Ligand code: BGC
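Consider the single chain below, provided in structure tokens and representing the form predicted on its own.
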């Protein structure tokens, strides 16, 4: 069967590869779930892997199948599977367990090992192919009524985890009731984080470079957020005018913005970094000032990456609530479909060149 792959370590090596069709018997204990892939979302991670910034092939292969945001339909299940059945729409988690204590208790998303296993990213093939099989533990059912939101389940899980991590960490304060939050960046993670925070009744400022009117602003304001352009206002100016935030979700992929945002977080605040800056950029920061204000202000910085099946389930629940709260807004994120695996060059071109493509996804099959 066809698959879109790269040769890790070789820049711009994206190509069409061949894989054998998997079987439920590939997973021991009757726990296998065979999924026919319908759609796969792609993002900056796939672009950076094709740029050879990171990523490794699975053992026995000289290529890595990319794509970690999947949506498909169950075709067959093993004898021990109870969570899903043939005909169910599903998505799938990304990280797979290693050997740490966190991996052993089902928290591979926070593994303490240096070597990690992620489908489509590191040492495990991804979902940009016609079929995949996985253990029931990693399969997450999606309601039929949300099939039009398909590949947003994975980025939504990352946004759900980021918000959850902030609230869990802030239990250190005994009482923490954030009234004002900033989301820096209005890509898929930024907009979905905006959605989650607005569902919790928090006043949200979504900050991005683009000047209004634009689609990102339309979506953010559709969720009831305030959209502000950082090309028109500095973060310091925004904080001075509207007040410092209690919570910042950083989702720009810019280390400069990430460190600048540290300077405006309010007392007892929490900042969550969700974005990966895959380059080697250096920025100058007022280190003494940041150190002083963070210590005296009891501020907290949290890194959040990946998600487990519980975050997927939480995220899918918020997608459903968001749909009935702001009908039709979430789907606007899904801007740019690519027809079929054969069009892998166009897929990568869109990721590299099209700044208007908010969410690129490959339509692998109908269903």
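Treat the numbers as computed from the prediction; the structure is a model and nothing was measured. Residue numbers count along the first chain shown, from 1.
What follows is about the form predicted in complex with this ligand, which we do not show.
Note on the interface: of 313-321, 328-336, 299-307, 27-35, the segment with non-hydrogen atoms within 4.5 angstroms of this ligand in the model of the complex is 299-307. Mapping the unseen interface onto this chain, residue 94 counts among the residues with a heavy atom inside 4.5 Å of this ligand in the model of the complex. When this ligand is considered in the model of the complex, residue 118 lines it closely, a heavy atom lying within 4.5 Å.
Remark: residue 50 does not count among the residues lining this ligand in the model of the complex, judged by a heavy atom distance of 4.5 Å or less. Under a 4.5 angstroms non-hydrogen atom cutoff, this ligand in the model of the complex lacks residue 173 among its neighbouring residues. Only one of the listed residues (158, 142, 264, 197) places a non-hydrogen atom within 4.5 angstroms of this ligand in the model of the complex, and that residue is 158. The listed set 231, 101, 292, 276 contains one residue whose heavy atoms approach this ligand in the model of the complex to within 4.5 Å, identified as 276. Contacts of stretch 25-61 with this ligand in the model of the complex, defined by any heavy atom lying within 4.5 Å, are made by 43, 45, listed in sequence order.
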